Structures are given as C-alpha cells and as structure tokens.
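Only one chain is shown below, in structure tokens, and it's the form predicted alone.
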C-alpha cells in the first residue's frame, strides 16, 4: 500500500521516538497534518494559540525531558513566527526540530503569496541543519539527519517541505549514484577527559584554599557528583539561573543564584575565592566572576566552544559533567581547614534572614512582590516544576524560591525572552502530567502573549492526571525590570509613555474560560491563596496587585549606580515618593558605611 511523503515523515519521526508535536496548522503544511490525522494518535499534536508559543513549548519539552522537541507551522508567517522560540532553544543548547511548509516548488522564485526564503531565514537559528526537500526520496535522509544533528549536537534544525510535495507518493531512494540511504538511531557517547588532564584539574583544585563552584544547566543531571565534589573541597556553590535546580537550597553551602538576579553570598563567594570550578554553565556576566588573575580556574563543559570565554581558565575539560566529576573525585584531597566553608554558611544564614525581612516588608502601593515567592517556597511540592518569565518576577524566582531536591525549574536563559513562562509550563505539564506546575509571570509578558495561552490550558487540562497548574501574575501596571534599569543603570526617571501598561483582570479572564481565579491585594492572604491553589481541582490564575516600587536590583550596588538612582529623584520620577519609601533601605543605604539592611 502506498503512503504519502507526509505519512512517511510521521512514521519516521515516530521511529525516532517523537511522541508529541507542538504547533499551529495552515495550508502550507496541510499534507503533514493530514498524515498526523491518519496516524490516529501515534504522535500527539498540541495546538498552541501562536507559533512562537509552540516553539517555546518545543524548547521546554527538550529541557524538561531531555528528548527532542518538535514544533510545526505553515509557510510564510507561520514559519516566521517560530523564530523567537527557536532562538530560545538555540541559545540554551536544546535539541529542537522545526517542521515548516513552503509554497509549491513550481511557484518558488515567482514572488508568490506567502513565499519566503525559508532556508535563508533559518540559516542562523538552525544553521546546523536547515534543508528544503525537493523530491520524495529525499525525505528519509533529511529527517534522519535533522533529528540526529539536533539531538547529537544539541542544536536547532529545520526541515522545509513544499506543500505540493507533502501529498505525493513516498519513494524510497533508488540504489544508484547520487542517492542516500540513511538509518534511524543515536546513542549519546561517554565523553570524559584524558587522565592527565583530570590530574591537572585536580592539582589546581587541591591547591586552592577558598574554592568556589558555579553550576549551570549542564550540571542538572550531576547533582550527587557536584555535592560530593563540593563537600570534599569545602567549597561553596553558586548557581546560574538555568542551573537553579542542580542543587537543593537546603544545603548550607549553596549560595543561590549569581549575577544581576543573584544573591549577596554568591557575589562574595566569587570576589573572595582563590579557585573557581565552573560546571556546565555559560553564565554571561564576567563582572560577577572573580577578577582576572584572582583565582585559578577549572571548567567542565560538553561543548568546547563554551570553554574559557567568561573567565581565563587554567584547565579546560571537555566532557559530560557527571562522568567527568566522577572521574575527578578520587583525585581530590579532602580539605581539613573548614574556615572558608564556615564563612559561606554564615553568609547564607544572614542572607536568608535578610530575604525574610525584605519579603515581609509592607508595600506602599500594593503587595510586596518578594512576599509572593517567599510564601510559595515552604509550600511548593518537592516534585513541582516551576517556570519564570523574564522581567522583575525573575528576580524573586532567582532569590526567594528555595529549590527542593526533585524539583525542576527553568526559564528563557540565553535569550531572556519575555513570554516564555506559560508555554514552558504547558509543555512541562504535557511532559509530566502527574507533577504540579507553577508559572511566575509579570503583567507585561502576560499581555504580550501568555494570556492567550491560558486558552490552551483550558482546552487540554482535563486530560492531565494531576490538574494542578498555577499561573501567578504580578500586576503592577509597569514594565518593571526595565523601569528600574532606566533609573539605576541610566539615571533616568521612569518614562511613563513606554513603561505604564493597562491593568487587566487576569483572574476574571481565567474564570471566564473555566479556570479558577484568585485576586490578592493583601499580602497577609498570600499564604492561604497558595494553599488553596495547590489544592485546586483545576488550573488556577493568581493575580497579585503588586507594588512596582520594590527594587529588583543586583546583589551589589555600586556607588555609580547609587548616584544614577539619586539623579532620577532629582530629575523628578513620577513615582518619586513611593520609590523613596520602598527603596531607601535596599538601594541608597546599601552603599553607605555602617548600613545594615
């Protein structure tokens, strides 16, 4: 019995282990959708509200499963809409395949409707492999190479299918010159450095008296190994945002997040260490790492091009994090001087007290946004998946959410795109329907594109074995992170024309489409609302009327930043009175001698 090119494509993807595709239909890809329909559930199709969201879902699927993420869209605008989500996958090294339609082969080059040069468009984001099919016998090797490249190199790939090709009868490649005969299958290799390189790394780490470790997404599957290394070296461990779930925060030597959204102990860890071990991280901000020459460095990464680009490392090890750490551990000497570790644990004890004090401070024009995540932390289930959007909400996610062992967490890391939290949370729920999922979102991202994806939740939630899916929206009527960057980084007062956004009743929208909605304008209700949401029999939207004047600022405030902030007040910030009240302790006081928060 003959099958179409579309049928073969679906069968081949299934043979590669693909069981779910995220996307949106259109006439440029109808032949593949017809094949999906004929396959009768062999591969599940999840209909997003927008192609960009489908690409975010594919990226998140890869993050939360380790599998290939797949998204699909029509030609022209559908394919173009995928780009942002695909860049999210590319910059976070996630294996994602984009399947897109194209206009009929005979029309190409004729300025036809929805004709876009898709190979040129995908050249950067899917540069590892972006190919357009011309004849049916190509499909086999195009699918095989696209999938193998994506999962083997942890990159984005793209397969472009002209619409007239999709319904043609599939033809196997002939046995003749100029044809390819590919196969299915990939097993990840064991990648470990040579023994002499491991010994060089051990020599550096053994010589250190104050060892700092920085972990990223590459350490997510190496929790036990990182703990063993840290305990043997008496080290403190800071976490890049994508590595937030690599270690639980109840370990007293884990200093939490690093960087602009990081903690004071992580900043001190890096400024006072004499040795740095970086594991599976592309953390971008070198100013939060040791000063060049201050510390000897060892880095472990599976990708050679990520080595020694943030800090000049003395030993660079190409390898899988868990395998490399296991091989390195026997070469390390246990530290007998515990003074450095005691310092770190003291910093962390003080830090958690400081965060609690900050979280419990009353807001002047709404709920203190720190309080929302502070109250979630002791209540979040140990098997929960938490996603965060970009913006000021990511600060409270980074600092106030205490990760427990067994949790998963993620956000748009390298791209830092707005609008990823809800599609991430949807993909997380499809990947792990038995686990509770929580998305932390700002009102800017909610209005940009996340609000529409609540409709996707409404469409599918009844098929999830555990219905707990929660989206918390911080409604402060402000594009808050950028507002604070304008004030503190640039010394400019808030620009209301660009920063103010309308207030929307997000909780009522949720109720209108069959979900539960909560509205919180009293911080004292926050704990009870989390309890009720986590016990809900259906997805929940929590709308918090949040104070926009609580500063989401770096852990270390420079004198230059304080002067810039003061300049905004002299120039007349529209929220000046409340800004002064909410930030005097945390911002101006932070650089004054003898100040205690």
Ligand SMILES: Cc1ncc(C[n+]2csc(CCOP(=O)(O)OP(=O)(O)O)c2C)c(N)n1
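Positions refer to the first chain, counted from 1. As the structure is a computational prediction, the values presented were derived from the model and not from experiment.
If you look for the form predicted in complex with this ligand, you will not find it shown, but the lines that follow are about it.
- Contact with this ligand in the predicted complex, judged by any heavy atom within 4.5 Å, is made by just one of 393, 427, 219, 258: 393.
- Interface residue among 236, 262, 442, 280, judged by heavy atoms within 4.5 Å of this ligand in the predicted complex: 442.
- Not displayed here, this ligand is kept clear of residue 74 by more than 4.5 Å at the level of heavy atoms in the predicted complex.
- In the predicted complex, this ligand sits beyond 4.5 Å of every heavy atom of residue 92.
- Within 4.5 Å of any heavy atom of this ligand in the predicted complex lies no heavy atom of residue 387.
- Residue contact with this ligand in the predicted complex: residue 158 places no heavy atom within 4.5 Å of it.
- The candidate stretches are 373-381, 352-360, 479-487, 320-328, and the one lying within 4.5 Å of this ligand in the predicted complex by heavy atoms is 479-487.
- Residues of 403-425 that come within 4.5 Å of this ligand in the predicted complex, judged by any heavy atom, are 416, 417, 418 in sequence order.
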